[in-house]
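Before any questions on binding or motion, here is one chain by itself as C-alpha cells, the form predicted alone.
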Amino acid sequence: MVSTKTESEISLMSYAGKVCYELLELMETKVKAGITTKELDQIAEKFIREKGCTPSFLNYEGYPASICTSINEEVVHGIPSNRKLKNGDIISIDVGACYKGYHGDTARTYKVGNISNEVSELMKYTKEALYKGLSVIKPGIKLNEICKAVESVAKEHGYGVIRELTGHGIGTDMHEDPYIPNYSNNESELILKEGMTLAIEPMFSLKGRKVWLLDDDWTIITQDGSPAAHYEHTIVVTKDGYKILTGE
C-alpha cells in the first residue's frame, strides 16, 4: 500500500529532510584524509540530536551506527569504524533523521583529496542520474518513468546499475512501498499521485553490476572491486511536479 501524506506530515518530513541536508553539508567540511569513519558517525549523531531529531539508522534492524559510510568498492551500508580515510578514496555517506515520527533520507558521495578522472566522472554522472530521475516526476506518470530515466544515464556511460538495491517510499517508516529500481522494469506500474513521498537513489558502479554482502551482514561491495557512487534525495510529489525535502 502506497500512502500519500497530508500537509502537516509533509511539514514534519521537511524538517527531518532539512536536518539531513545540513548534515551532508557539514560532512563536506569533515571528509578528509586521516579522519576515521567512526569520527564522522559521532559528529553526525551529535548533530542530528542537537537538531531535535533521532538518527533513523541507529538500531534499524540491528544496524549499529547513525550513518552509513561506504568507501570505494563499498556500495552501501558500510559500518563506521576506526578505518581512516586516505587520499584517493571516495566515500558515500547515507544519513537519515527522524522528527516526531517522520523520516528524511539522503546520500552523497565525496572525494578524499585527488581522485582519478574516471572515478570523478562516475560521481558526476551518478548525481546527474538522480536529477534526471527527479525531472520526470509529476502526478499521473508511471513509477517506471523514474526508473527508466535513471538507467538511461548509466547506459550512456557504461556503468553498472546495482539491481539488488533500490529507492523506496518513506514516511513514518524508513522503507515504505513502493520499491524504486534504478532500471526499467515491468513491475513499476504504480501511477504517481500528489502527496506521495519517495526516496530516489541511484547506485552505480564503474564496471560490473554484481555485488557481494560482507560477513558483517551489512556492507555491500562490488564483486569486481570497482568503485561505486550513491546519491539520494527524499521528495514529495506535488500537484505539478515534485519538491526535494532533503536539499535547497
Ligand code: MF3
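Start at 1 and count along the sequence shown; that's the residue number. All values derive from a computational prediction rather than experimental measurement.
Keep in mind the form predicted in complex with the ligand is missing from the figure; the text below concerns it.
Although the partner is absent here, Lys127 is not a contact residue: none of its heavy atoms lies within 4.5 angstroms of the ligand in the model of the complex. A residue is said to contact a partner when one of its heavy atoms sits within 4.5 Å of a partner heavy atom; Arg108 fails this definition for the ligand in the model of the complex, lying far away.
Taking non-hydrogen atoms only, Phe47 never approaches the ligand to within 4.5 angstroms in the model of the complex.
At a distance threshold of 4.5 angstroms between non-hydrogen atoms, Tyr60 is in contact with the ligand in the model of the complex.
Between the ligand and the residues Leu206, Val31, Met196, Cys68, the one pair within 4.5 Å by heavy atoms in the model of the complex involves Cys68. When you look in the model of the complex, the only residue of Lys148, Lys138, His157, His175 with a non-hydrogen atom within 4.5 Å of the ligand is His175. The candidate spot formed by Glu201, Trp218 and Glu232 is fully in contact with the ligand in the model of the complex: every one of the three has a heavy atom within 4.5 Å.
With the ligand omitted here, the record of contacts in the model of the complex names 166-174 of 166-174, 114-122, 127-135, 82-90, defined by a heavy atom within 4.5 Å. Taking a 4.5 Å heavy atom cutoff to the ligand in the model of the complex, the contacting residues in 69-94 are His77, Asp94.
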